[in-house]
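Okay, so here's just one chain, in C-alpha cells, the form predicted alone.
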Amino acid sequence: MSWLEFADVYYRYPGQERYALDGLTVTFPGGENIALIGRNGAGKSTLFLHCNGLYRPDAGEVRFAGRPLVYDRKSLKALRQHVGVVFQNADEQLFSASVAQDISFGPFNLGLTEPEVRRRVRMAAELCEVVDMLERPTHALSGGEKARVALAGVLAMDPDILISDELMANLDPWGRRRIFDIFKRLHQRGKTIVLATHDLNVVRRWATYVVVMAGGRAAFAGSPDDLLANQAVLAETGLAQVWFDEI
C-alpha cells in the first residue's frame, strides 16, 4: 500500500519569520482513515500543499511509497495520479463551464484516451452521486453539490491517497453524511483518506489513525484510543479541554 512520509521537513512562507512546518516528521500509513487535527495555524494546510508537490520543503524530505518526491514536471504529474488533494473551498477547484468538463480536466491532462476519460468521469460521478448534474454549469451548484463535484474531479484521477482539507467545514449535516458515505466506499476499495478536521466526533467515530499538529510539528500519531489515553499530548495541545467539553 502507498504511504506518505515527512522527514524533518521545514517550510517558511516568504517574508515570515516563523516556520509553518518546523521539523515535521510523520508517516501517513496506507489504507487508513486518517484524521489530521490541530488549531488554526498548526500547519495542516501547509502540510497538505506538500503532499502532492504544490509546495517544496526548504529542508527535509517528503516521500511517497518510500521514495523522495522529485519536483520536475513529469515527476509531479505522475505523483498527482496517486495523491489527490481537495481543498476546503470547492470554488477554488471548479473552473470549467460544466460539471462534466470539470471532472474530465484531470484525466485529459494525463493524456488518457477519450473513452478512458469518459469511463473515469462516469465512475467518479457515480461514486459522488453527481451523474444527474454532468451537464449543469458549475456556478449554479449548491455548496454541497460543489463539494461533491470537486471531490469527483480528484477521484477521476483514481488516486491511492485522498487528501481533504476540511472539505465539509461549510456543509450541513446531510451534506457531511454524503461525503462520509463516499469516504466509506473509498476505504472499502483500499484507498487512504487524510481528512483535516476540528470535529472530535470525526476522530472518535470515523478515524482509524490520528495525527495531531502543533506548531508545525506532529505532536502525536497513532490510534484514537491511544490519543485519548495520552494525557500529556492532550494537555500540551489544548485538546483535553476541547475533547471533554464536547462529550
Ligand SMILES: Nc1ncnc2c1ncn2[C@@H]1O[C@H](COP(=O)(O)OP(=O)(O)O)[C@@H](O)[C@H]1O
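When you see a residue number, it is the position in the sequence shown, counting from 1. Worth saying up front: this structure is predicted, and the values here are computed from it rather than measured.
Beyond the structure shown, there is the form predicted in complex with the named molecule, which is absent from this document and is the topic of what follows.
K.L.:
I'd like to know if residue 188 sits close to the named molecule in the model of the complex, meaning any non-hydrogen atom pair within 4.5 angstroms.
P.N.:
Residue 188: no contact with the named molecule in the model of the complex.
K.L.:
Even though the partner isn't displayed, in the model of the complex is residue 10 close enough to the named molecule, meaning a heavy atom within 4.5 Å?
P.N.:
Output for residue 10 is no: heavy atoms all beyond 4.5 Å of the named molecule.
K.L.:
State yes or no: in the model of the complex, is some non-hydrogen atom of residue 39 no more than 4.5 angstroms from a non-hydrogen atom of the named molecule?
P.N.:
Yes, contact at 4.5 Å.
K.L.:
Verify the contact flag for residue 231: yes if a non-hydrogen atom of it lies within 4.5 Å of a non-hydrogen atom of the named molecule in the model of the complex, no if not.
P.N.:
No, no contact at 4.5 Å.
K.L.:
Using a 4.5 Å heavy atom cut-off, which of 22-30, 200-208, 45-53, 60-68 contacts the named molecule in the model of the complex?
P.N.:
The contacting stretch here is 45-53.
K.L.:
Quick one: which residues from 16-36 get a non-hydrogen atom within 4.5 Å of the named molecule in the model of the complex?
P.N.:
Heavy-atom contacts within 4.5 Å come from 16, 18, 20.
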